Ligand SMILES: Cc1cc2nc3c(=O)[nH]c(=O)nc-3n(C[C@H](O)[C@H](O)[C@H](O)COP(=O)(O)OP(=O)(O)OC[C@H]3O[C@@H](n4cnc5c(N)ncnc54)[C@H](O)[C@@H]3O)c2cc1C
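Only one chain comes next, encoded as structure tokens, the form predicted alone.
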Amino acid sequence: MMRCPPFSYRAPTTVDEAVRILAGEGPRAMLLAGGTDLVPNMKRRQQTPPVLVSLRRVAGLREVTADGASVTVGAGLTLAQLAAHPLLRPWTAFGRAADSVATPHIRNAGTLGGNLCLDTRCNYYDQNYEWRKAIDFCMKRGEGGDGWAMRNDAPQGSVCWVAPGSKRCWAVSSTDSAPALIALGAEVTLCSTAGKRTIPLADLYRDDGIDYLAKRPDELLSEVRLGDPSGWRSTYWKLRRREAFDFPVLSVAAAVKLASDGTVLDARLVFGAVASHPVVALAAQKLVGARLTDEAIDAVAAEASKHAKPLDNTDFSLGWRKRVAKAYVAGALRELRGDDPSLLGPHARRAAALRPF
């Protein structure tokens, strides 16, 4: 049985108390919410923080508040609560993304903040300590020793086994909620002892498998703000081998704002699980001023899929995953156009996208 390494446990009851602890402990501390990602990582010695700051007792992080047509969502809400919350139904992609994460057990424990800050993943990284040692580790996480996190003074490998000639880590972002929320134009609030700052969610991510967040170690992601959904339609499509459990190997979040005559006023497409950060496909803007015809959808899907450049770091062959990206964009946009959803389900999507092998 794998066990967590020793750690000190802190249990603040307010956001202010939590950020004071983070400021005092420095990079030695990590936040613990649902623990569905951090605890397994600790057992594999990928992350070994000396101090865990639990957010379970911080009630202020578990609220949804409406402000006119906008809502503010606490980062401590579980994914199950988000998927079922009546105030969030207008933002369809968000609810679908939350409901697609792992299993009901994990959705009942995992939180919005945890999913947004999910560690990047890789076939060569998400293994036990002995397996990683046998291949001489990788640049994302080395031997561990008395170190605490992904970047520390402990011995580390110098190779990215996905791309051995590369100077950077190519571990992939596998968060489900981030692509959906970015497509919906969400903003996040980061709290520290220096105060609060609000940024577009897209700016939270860096294209680096190791240093993948633009959040400082002393900051806590406290809430997400969603703007007026009037006129917007959105959806979220996710590819994985096991429909009821796995992380995505490709996801597509699509959102369009339509005029009364069906003309596209604005459009957004965001890929997940194809890079070290959610990838915004600017090709979606070519739909603006047009209608969602088959010709327009197919043209945008072909161009947008060029942004999806999967590597050999997750499940399925990378060439097939790239072909699926085009099919998923086209399918998601057809769903937003109003095509029969029963013809666009997971099995239909997979069959339309060719075989995975």
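For every residue, the number given is its place in the sequence shown, counted from 1. If you're wondering where the values come from, they're calculated on a predicted model, not measured in any experiment.
Only in words, not in the display: the form predicted in complex with the ligand, which the text now covers.
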>> Please identify the residue among 31, 292, 64, 311 with any heavy atom within 4.5 Å of the ligand in the model of the complex.
In response: 31
>> Only one of 55, 304, 332, 324 gets a heavy atom within 4.5 Å of the ligand in the model of the complex. Which one?
In response: 55
> So which of 195-203, 131-139, 255-263, 75-83 is the stretch with heavy atoms within 4.5 Å of the ligand in the model of the complex?
Replying inline: 75-83
> Is residue 36 close enough to touch the ligand in the model of the complex, meaning at least one heavy atom pair within 4.5 Å?
Replying inline: yes
> Do residue 126 and the ligand share at least one heavy atom pair within 4.5 Å in the model of the complex?
Replying inline: no
>> Taking the ligand as it sits in the model of the complex, is residue 277 in contact with it (heavy atom to heavy atom, 4.5 Å or less)?
In response: no
>> Can you tell me whether residue 214 touches the ligand? I mean in the model of the complex, with a 4.5 angstroms heavy atom cut-off.
In response: no
>> If you apply a 4.5 angstroms heavy atom cut-off, which residues in 100-129 are near the ligand in the model of the complex?
In response: 100, 101, 102, 106, 109, 110, 111, 113, 114, 115, 117, 118
